[in-house]
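So this one's two forms of a single chain, laid out as structure tokens and tagged structure 1 and structure 2.
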Structure 1
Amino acid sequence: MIRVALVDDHPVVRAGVRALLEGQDDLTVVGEASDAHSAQQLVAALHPDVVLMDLNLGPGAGGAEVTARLRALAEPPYVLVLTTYDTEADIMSAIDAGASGYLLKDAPPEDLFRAIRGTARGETVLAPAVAARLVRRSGPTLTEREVEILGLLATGRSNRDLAKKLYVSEATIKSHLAHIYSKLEVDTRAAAVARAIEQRIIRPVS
């Protein structure tokens, strides 16, 4: 029996996923959490095999940060991200944090079941759209720092603000921006942000 924990800030989503999983003979939901703190408490107390993790958990730590914390435990669970977000920044932050898989919430139930079983076996499980996005990174790709800067640019921060936020000099920021412009084939900050959103490298600022 594969023991699964659900981490999502929407009760309706958790209830729906629980109903789906409990219809499978080899899957059981051992607990639910809605935020970072309750997720860590749940895993420490119940030791699930697989944690289904949303990336947006409301105020506080997000799913990628919680994933990193869970994977740092002495007996870490496998983490399978289940989310609506498919930008490169979201995918890479989750994978870098230690997630074993990344699935989108519009996946058919059978795909979800297979993904959980594969994750429990220690396999890497990626939604087709996610795998395709990673394959497309084979061209001139942005570094993690460049993606981070793009995300901050989208909030309207100045070079000085970026330098303070990232603890680097303004000259370093200008160098990063030059590389970003070159890779995205643009020549302004606004165009870089627009291209990054269009290519689903970063999320639009809500």
Structure 2
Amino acid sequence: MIRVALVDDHPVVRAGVRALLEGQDDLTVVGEASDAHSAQQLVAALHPDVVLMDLNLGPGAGGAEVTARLRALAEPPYVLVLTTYDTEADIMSAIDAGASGYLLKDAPPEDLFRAIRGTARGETVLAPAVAARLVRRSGPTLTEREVEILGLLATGRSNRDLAKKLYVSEATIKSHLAHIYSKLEVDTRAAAVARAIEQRIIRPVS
């Protein structure tokens, strides 16, 4: 019997996963949490085999940090990320925080079951859409600094503002922008922002 814990701030989703898992006789939900803090208590108390983790836990700590902390426990559970909309950075940070898999919430139930069982066996499971995104990222890879600048770009700041904010000269900003443009194959800041959002490099909402 695979013991599963749910961490998600949407009651509807929790109820849905629970209902779906109840139909599988080798899977059982041993507990639910809706925020970062109670998630840790839950796991420490119940030692589930697999934690289904949403990355958007509303305000407060993100799912990636929680994942890292859970994986740092004495008997760490496998963590399977189950989410909807996330940036590339989110995915990567979740994975190298120790997540064993990444599923999208619109996945059919069978995929979910398969993923949980695979995760419980220690396998790494990625949703096809996610895997594809990680693979096709073969081409342009933005540096950390460039992503940072993109994020600020999306707030509509001018080059001068960016320079002040990052304590560098305007020339440096323009240099970074030129690199960003060439990597994203655009030639204006607005287009860069749009591309970055579309490709999940940055998130739209602050």
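Structure 1's sequence is the ruler for residue numbers, which start at 1. Quick caveat: nothing in here was measured; it's all calculated off a predicted structure. Superpose the two forms; the largest set of C-alphas matching within 1.5 Å is the rigid core.
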Structure 1 or structure 2: which matches the form predicted alone? 1
Does residue 15 shift between structure 1 and structure 2 by 2 angstroms or more at the C-alpha, the core having been superposed? no
Honestly, after the rigid core fit, is residue 52 moving at least 2 Å at Cα between structure 1 and structure 2? no
Residue 177: after superposing the rigid core, is there a C-alpha shift of 2 Å or more between structure 1 and structure 2? yes
In Å, how large is the CA movement of residue 195 between structure 1 and structure 2 relative to the superposed rigid core? 2.7
Between structure 1 and structure 2, how far the Cα of residue 162 shifts once the core is aligned, in Å: 8.0
